[in-house]
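Both blocks below hold the same protein chain, though in two forms, and each is given as structure tokens: structure 1 and structure 2.
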Structure 1
């Protein structure tokens, strides 16, 4: 594949949190446009950290991350934000607007969509995630799963090219899970998803990045890795 199709590239990336804990260690990864990658690993292996690194929201303490061929800086940050959507693991860290409506329209308003357009997408996504009845509530007054739904909806709504999803199906009910899976399957951009639900992963992805308890990449491969019980047990996933 040509270099121009590389969406995100991590070179020898390590990240240490301010208190000295290691988030990830020595990660090398190339993400090509159209990839559907599953980040799999035990608790604390570094999936969420890696998602934040790949989105350019935090800077590696060692190595570098290139997004769309460039290291993120002040000049291209807006473009990156427009093209990459990130769903955080914990919706409480993510939702900050006064109402669900404002939450959903946060990015579309910045993109200066017309009022009719705003109304239209708001309606469509609220309907899709069955949150019409709570659009006037403040997000922190919602149930756990409602928060997650709002979070996912407010990223999908502006249709980014690359989706970085951290546990998109945790806390949500079966019906919503099916809805999310369908939406993601018909999404035609790049997807990187961190999840513990292997059946979700199996349905969605075509490439697996397996992190081990040393915060390093243990293996990269196709879906068949998810059937390698011995390997999965070794890294603490099963």
Structure 2
């Protein structure tokens, strides 16, 4: 359980979308500093909704979410945004700046980093993700794999304490997938990753939160749950 410092807590959380469809039902979950958690479930089980709830991007219909001990509100939302990074499943939901350079530096500029520091991190992260050759391109002109790398780099560049990722290896080829996995494995912080890909989970996480097709938590445990074939079949992962 990390170092016992609680970073995120969901208490009896449910979410229903405006059209009446259910996102998640009655979720109780505690995330501690240093945890590496996998939200595992079939498509439609509520993984993406739970990522949005745990990051404070949407408010629960019922129950409450605390982040760093506080419920997100107008007073603390900026602090939460600085300390939490969110990677969406579809990069097009995230990328909006005119160039890759602007995308990478968007948050550091909001934090008023010096010009020297901006250039330093730009070079470092462009090199890390092997995107030096596209920093002047508009994001909409990039391939799916390039967009995903830019999205993840844009979040990691400001060094968040907690990283929430929704299907981080979606829309990428094998080479890009390996690059992303290497980077995420070396991330020194709390990780919550939503995925239906068991090989991704086995390499990145050490705690499993298994969601079923009723949008509830079916089981919580260690990586041994990823080898319980009967359980995985019951929740629709296999």
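By rigid core we mean the largest C-alpha set that fits within 1.5 Å across both forms. Residue numbers count along the first chain shown, from 1. The structure presented is a predicted model; accordingly, all values stated were derived computationally and were not measured.
- Both panels show the same chain in isolation, but it is structure 1 that comes from the form predicted together with another copy of the chain.
- With the core held fixed between structures 1 and 2, residue 61 has its Cα displaced by under 2 Å.
- In the core-superposed comparison between structures 1 and 2, the C-alpha atom of residue 42 has shifted by less than 2 angstroms.
- Its Cα shifted by 2.4 Å between structures 1 and 2, residue 181 is reported here after superposition on the rigid core.
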